[in-house]
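Each of two forms of one protein chain follows alone as structure tokens, named structure 1 and structure 2.
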Structure 1
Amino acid sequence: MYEGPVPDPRFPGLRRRGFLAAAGGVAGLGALALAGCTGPAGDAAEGGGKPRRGGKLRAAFAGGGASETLDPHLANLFADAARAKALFDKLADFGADLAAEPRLAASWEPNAALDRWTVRLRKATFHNGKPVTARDVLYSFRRIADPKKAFRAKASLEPLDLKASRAADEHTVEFALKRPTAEFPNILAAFGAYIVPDGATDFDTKPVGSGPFRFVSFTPGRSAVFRRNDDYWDGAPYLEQLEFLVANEESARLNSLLGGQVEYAHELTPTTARAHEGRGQIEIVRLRNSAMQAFAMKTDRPPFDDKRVREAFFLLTDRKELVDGALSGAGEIGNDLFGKGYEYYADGLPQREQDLDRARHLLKKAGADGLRVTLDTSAVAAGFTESAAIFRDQAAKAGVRVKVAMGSKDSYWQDTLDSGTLCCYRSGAMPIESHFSQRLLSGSTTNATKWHHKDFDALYQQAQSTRNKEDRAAVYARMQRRLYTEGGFLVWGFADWILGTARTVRGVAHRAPANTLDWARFDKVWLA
């Protein structure tokens, strides 16, 4: 039998942590009637005062240059995601605890076999006044799943049989799945799984969404201006206007905030936070342990196609020195696995310590004495250049010569996805199974380590279709043990995500990791 979901008073039928409970038959799941989310729980009032309507907030983010787009299905960077969630909605999104919470979906209900789910939509309208319908949902998902395209959420939607899925009526979608999938709500909340109008293809000149803000203007690599959607189903935003400005240098974002050119600066460094915290000029917001910090080794090419070399790199790393030096201590050490503290995280594995003798032995066995390797980095993210320099010195102690190569801030992520052998890497929050599906399956579109193993793909599919929660956790643990032993992500730390705001800004969530619902949620922010 299914174990009953642990009740959350905000969302009846949802578990407090992570996923729907599935531990046997269907009794106990039933129909999941979901209340709407009216704001960042426990966070919206942080900063104090009564919400005030009006005003324009300008937010500075690192961007992607002239190739930027407002197509929500192509969102990859944090700037893309922040703009997308202002214009568009998903059927569900992740709360601060990585539990799927309802957005455009009003309810979801499985059949007895867990291979067909019925989703009922809440009443919502697009910016052109047309209602959000089941046809729009199916169009959006089928567009993402187009085999000729490389949309971010495609791998996450893989369990869906979209040819067999149908609109039962205007507000009801019957999703057919290729296999039983107990964690179906995570598919609805997948990064990039936004709902767009049926037939929509033009997203850069006049995008139409159902989100809290309406489109005004967009200049790729520079600015996007949106205005309040007074008809938003979750309540009109307090702000009259919202402008996203691109500033790739952290110093530019900080100086713009200090100079009053922006009211919100995304991704500041720990050094900046220490210098300005409590000084009264700006407010510093720390989203604790939000960002995985890692080096990505490409496992399909020398020297990292030899798992002994990968293990040697795990062992030559001093994680505490990296956290203290690159993050100024603003975080905690990692253990070569994503998702520390999330549901299904394999916290029982031994914490890796630096072992230079063992690292040298493994390199010698692999014929890699005197190994030389290039480490790609960039000032595109806080701590990247610092971690590269620290790691270069650590590797030298094991006889490895690391050449640090500085890449373009505008194209770093695309450049390092397929090129090079070793690069600095980071990630915001997502469920562990989403990390698997988006980055570690043979068909994943953002597989930075080129981890292509059919047996690993099969384990993922087994976990997704395993009814019993404990059995499913065991499969995830097996997958993580494999990655811990021979994976391509050298996860050395988990950093605080640091934001800066003007002292007049209120309603910024303080406990929402990056990539979750309440992160960069400007519809609940106001200016005092």
Structure 2
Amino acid sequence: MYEGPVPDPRFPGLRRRGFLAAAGGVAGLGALALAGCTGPAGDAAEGGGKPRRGGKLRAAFAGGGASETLDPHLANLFADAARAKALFDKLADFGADLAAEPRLAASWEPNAALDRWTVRLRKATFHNGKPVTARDVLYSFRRIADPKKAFRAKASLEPLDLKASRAADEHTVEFALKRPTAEFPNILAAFGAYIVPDGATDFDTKPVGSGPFRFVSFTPGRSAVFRRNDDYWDGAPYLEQLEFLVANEESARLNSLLGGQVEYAHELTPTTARAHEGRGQIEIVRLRNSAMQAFAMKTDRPPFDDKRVREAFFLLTDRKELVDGALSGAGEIGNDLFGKGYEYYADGLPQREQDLDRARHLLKKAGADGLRVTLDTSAVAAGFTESAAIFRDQAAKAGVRVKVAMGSKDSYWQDTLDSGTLCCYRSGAMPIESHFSQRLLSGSTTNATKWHHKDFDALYQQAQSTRNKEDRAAVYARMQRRLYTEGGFLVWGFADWILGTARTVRGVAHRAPANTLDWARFDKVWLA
């Protein structure tokens, strides 16, 4: 289906440029939309100057304390993912548009029915000198899917029939799937689907991966030191050493960056960004479209089981005010659909604007005059409580009385999954297809809007059985139109993900939503 371009180790930027051009050529709607915001230039070449070898980069992340582990399949936090990315590889990973691009897999090829995929591996070696083989791939996937374990990527690998999958030869894996899956590469790129050596179980004392960096030392909750892997298949990193440090407080990450104790600080606040942007002391990097910000309406219970009420809620929202107030302006307005700027995003739909008259009219028609609803929120994510307060005031203008209820931070997601009627919701970047399959199908395990529609499920299956990409894009567009008119997610914005770097740091990708390949990717970064 798609043959990966051959990487040229001398020009790391070229490979990505090649890929994006190729994707733009074949993809329909989604990829065309993408051209506007992604541009042709390779992200890795950004920042100016000629890459220089050597040096040590220290990166501060919020971490998980003493319970951190280097087991890549247990990766749960951004810090875990960043460390796993340095030590290990996946078969594929997501580009800035959330389309899967090949990594350890050199190519993938489906059969006619789209339920058997042949994946050919590129020549790569683990840090112990052994080649990455089909056996390692199957071991890794079987470990993740182990029914007795609870690895995060397990749900993503669900379509695979690993018993029937086999190694055709040393470098070829034949994956059997339970049903046609046109978006199979997304599975290979799933969060946490890293390839580890056959039989590996201990990752904290001496993890062996095939990634751009080799293990040096690790103290959970404090520091992980890695050094350059000169034999890396995608070209050796420029940095000699990479150290991940843990600082849970945003102020601590910022202070250590300002004080020259680290060169890279992950996850800063919009206020910090505004205070330091363009001041010359540090560089602020905004990764656009990283986090969807929404209110989730439970479509299976009153008052939101009436689609007129849902539409009224879409219309009584002033998105600009929410972005400015709750995200301090660090983001873009949403259009009630997930995945702005991603592959297959339906960007042809008109931007929804506040229309109080029509909202009132719809509420009246639905017999929901003087409606009272409780909006669940919590300090679990940035902007949640602020957005709830702003929305309460906006709703009041249409005569809807919103009561804001504060919930526990640590159990919020589980609490709001099944209970309540309206809650603040957020999502990191993932392909639009994954958003559908994980949250909007009748059988989805985290269906926060209780969107259960047989015809919607059928459309999803149809898309997955459609080999032609343009036809598939058309089906996705239909699904999105449906969600746009009567879905349960009131997507009011997309938040930037904000990083800070020292002025000497070059090559940090600016167009990589959190969770994508180029986000927290240090093998293309150098110190000037």
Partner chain sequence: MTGLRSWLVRRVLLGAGQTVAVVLLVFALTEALPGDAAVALAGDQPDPGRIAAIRETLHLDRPAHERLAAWAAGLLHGDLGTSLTSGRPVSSYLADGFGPTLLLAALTLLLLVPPAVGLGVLAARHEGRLLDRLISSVTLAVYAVPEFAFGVLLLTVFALRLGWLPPTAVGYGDDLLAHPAALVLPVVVLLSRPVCSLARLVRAGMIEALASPYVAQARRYGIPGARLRYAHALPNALAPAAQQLARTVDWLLCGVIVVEALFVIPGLGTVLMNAVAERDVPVIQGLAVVFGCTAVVLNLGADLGTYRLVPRTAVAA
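Here, residue number means position along structure 1's sequence, counting from 1. Note that the coordinates shown come from a computational prediction; the quantities given were computed from them, not determined experimentally. Note that the rigid core is defined as the largest set of C-alphas that superpose within 1.5 Å between two forms.
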| item | value |
| --- | --- |
| Either 1 or 2, the form predicted on its own | 1 |
| Degrees turned by the smaller rigid body between the two structures, as judged from C-alpha superposition | 28 |
| Between the two structures, C-alpha offset at Gln414 (rigid core aligned, Å) | 9.4 |
| Distance the CA of Ser465 travels between the two structures [rigid core superposed, Å] | 3.9 |
